[in-house]
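First, one chain by itself: the form predicted alone, in structure tokens.
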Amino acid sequence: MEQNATSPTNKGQPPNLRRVAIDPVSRVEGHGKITLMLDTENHIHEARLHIVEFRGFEKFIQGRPYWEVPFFVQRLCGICPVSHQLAAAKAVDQIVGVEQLTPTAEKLRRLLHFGQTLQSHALHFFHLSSPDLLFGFGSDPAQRNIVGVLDKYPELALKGVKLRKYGQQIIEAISGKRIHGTATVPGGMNKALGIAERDALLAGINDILSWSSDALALNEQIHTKNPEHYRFGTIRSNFLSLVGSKGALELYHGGLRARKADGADIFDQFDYRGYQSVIREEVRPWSYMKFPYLVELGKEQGWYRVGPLSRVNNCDSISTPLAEAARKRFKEFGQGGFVHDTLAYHWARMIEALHCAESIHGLLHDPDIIGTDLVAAHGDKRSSGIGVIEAPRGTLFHHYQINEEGLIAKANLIVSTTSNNQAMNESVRSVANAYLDGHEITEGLLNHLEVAVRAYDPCLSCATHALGKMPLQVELLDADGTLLDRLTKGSNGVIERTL
């Protein structure tokens, strides 16, 4: 945390604002910071989440052969590489003219994806968020960490470790490695799941079901028994997710559904290959992360949320019985409408974790899962492909265009955390106004801002790969810290004096 005295800043703001920066935001994947602008009475004039990393994947995969892309793009992240591999693989399937995988290949991909989502959700709750939820947002920072959880709740922490380990074992069995393995090929999969590998995974599945149920019960209790959580960082938003043909929760493949805050449809069962007609992306000069919005509602009203909260709100049912019962309790809590509580992300995330455990149980008992027909026949090659999947953090878009030589000519990625960008900023402002405005700033109060960001489980490394020119701001200060001049280069390359 740093506090800097500043003199007159942007037009419309009073002079002598003080900047408070949380840099970096802790217990998230990647590097970001939060800045607050305060007057002399500690009133909030601005609160922003800044993404300060730049990765550039959309540019430097250009010129690579299309068949390399699924393995190349998974290097975006060490937490959710499977999501990027599968989204890219779905795009590559289209490029080689494959519309339908073999039953074994599709089920192996789904099993891989369920394992990925289970381990990611377990990591987020047990390692990153449980210290806040179990000890309190403003509790002693010496205890408010995973070591503190291990000390006070050793059995709970051990379950979290084992849940994540099991998900990683599924990834390793299918792709050869727990991180950055190789599994997909154009039109299918490159390796069958052996009987011994299947049986080893079956041996632990009942414990996984039990521990997932326990984690869900804990999160449900934490949220429903703490009225403060209902209001904390809560914002009303549109929601976007994939759903199955009958509106069921769908993590691997489906149509796009977008709904307004009151539940009214914006579009439903929309073919994601036409996403560019319904979603646009805006670049702002103070962040490397883009701001997507729904075209129909425009920039100001069209921002939306994705991820577990969106998916559980948006779907009409869940295909597995225990998770479906939990979804119904979730809907009852929202009195039949959407649950907008930002901290309900944790509850929804554990509903999905249980759904993954149940789905893994079903797939491991499916004889197709150990089949050997792995690759579908290729059709006519196409010049582009679009793959969309529900990553742990939300809807993930991979769009590739190739040239006549089969090399990537253009790429566009809309990563889950990017879609949540505006929502995270809105939640940060909500918490700042409710908890910090007019109060003496303390570490415990500043952690409230981080709690709001962590609820979204942002993957900041994945999300920082904006197209176009990098925004840049240069400030000239004198020896006393007084701002003398400021030059800003926007994403369009235009340089302006903004003092």
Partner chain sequence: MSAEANMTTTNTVTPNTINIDGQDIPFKNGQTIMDAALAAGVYIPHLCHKPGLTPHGSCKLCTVDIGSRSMSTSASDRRTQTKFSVDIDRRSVSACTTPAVAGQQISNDTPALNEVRKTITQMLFIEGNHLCPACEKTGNCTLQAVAYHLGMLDGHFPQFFPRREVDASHPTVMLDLDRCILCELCVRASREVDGKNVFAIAGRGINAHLIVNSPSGKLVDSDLETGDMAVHICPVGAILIKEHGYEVPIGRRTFDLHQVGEIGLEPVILAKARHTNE
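Because the structure is predicted, anything quoted here is derived from the model rather than measured. Positions refer to the first chain, counted from 1.
Another form exists, predicted in complex with its partner chain; not displayed. Remarks below refer to it.
Annotated contact segment (heavy atom within 4.5 Å of its partner chain in the predicted complex): 59-67, selected among 430-438, 447-455, 59-67, 34-42.
In the predicted complex, every residue of the candidate spot (F71, S175 and K191) has a heavy atom lying within 4.5 Å of its partner chain. Residue K381 is the only one of K381, R231, R236, K246 with a heavy atom lying within 4.5 Å of its partner chain in the predicted complex. Contact with its partner chain in the predicted complex, judged by any heavy atom within 4.5 Å, is made by just one of E405, D268, E99, D368: E405.
The closest heavy atom approach of T182 to its partner chain in the predicted complex falls within 4.5 Å.
Under a 4.5 angstroms non-hydrogen atom cutoff, its partner chain in the predicted complex lacks H340 among its neighbouring residues.
In the predicted complex, its partner chain lies within 4.5 Å of some heavy atom of R75.
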